[in-house]
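Here we start with a single chain on its own, the form predicted alone, put down as structure tokens.
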């Protein structure tokens, strides 16, 4: 019997609509193989919509998004809009309003993709970063005085709570338990003793409930070094909002680049949002030059989350096969965005 899911689709800016189209193509193809169908609702939010209406993401739209099973997002970012308007008005608004408290970033070197790290293969780079997504400096606590003068003072506060840390750490332990291997906490507890001392205390408390999971702590500066020199030492990593933002992009770099970087913004008890993390790339928008693999792998994460991991795995297998067999040539100009999507859908068959 077929199962139907409702998906909210926000193509967004730049290459967002192009890569989202390929993600939907793969989503529907995998769904057809596994008895899953999708009803999609398109939303116009992004730079063009803001310029036309002055609206980023209204409360009425948030209410509609909550009624969907998942949200698929292309990209948000328009260089002709003031900095922060779209990012804060759409992305951060969704994170906080929908309580998307986990940002999941798989860092996986795919077959046939070269890492900039010498002599590293897919068996060496296979990490999941669990990033806390609703606290830290991103909540916007702080302010400025004497702005615009040489006496200006700016304050941006780190805000961490036991509740917010615990639910993120618990999710990370459950992830590590499924994946096998160690769970590392990445922090800067030797300097940020109050905020990150709380992370360490909560991490140690929750660890007692998962005696089968080996644990470790790593300072963020050392983490950056080890990701480049010894990526194989990591399997699952849990970290703060700010540090997750940084190390996940470094991870994407060692795994071949942003064109392969999928992500999930999760509320395990509500609607979750899935997006590639490469941005809107306005310089190549509309030219068919964008790599849609990150968006397609984000669709696989969507399937995992709404209860169809077998369909999600089918997409990942199709991507691995197409890349590993050399069917996809990622050289500039070799294939268009839609051609890459077609090859992956063909590999599904």
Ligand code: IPM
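These numbers were taken from a predicted model, which means no experiment stands behind them. Numbering follows the first chain given and starts at 1.
What comes next is about the form predicted together with this ligand, which is not displayed.
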Hey, of 131-139, 189-197, 203-211, 158-166, which bit sits against this ligand in the predicted complex at 4.5 Å between non-hydrogen atoms?
131-139
Looking in the predicted complex, is this ligand within 4.5 Å of a heavy atom from each of 28, 34 and 304?
no
With this ligand left out of view, choose which of 110, 102, 254, 91 has a non-hydrogen atom within 4.5 angstroms of it in the predicted complex.
91
The unique member of 221, 126, 217, 87 whose heavy atoms fall within 4.5 Å of this ligand in the predicted complex:
87
Residue contact check: residue 245 to this ligand in the predicted complex, 4.5 Å heavy atom
yes
Members of 272-299 lying within 4.5 angstroms of this ligand, judged by heavy atom, in the predicted complex
275
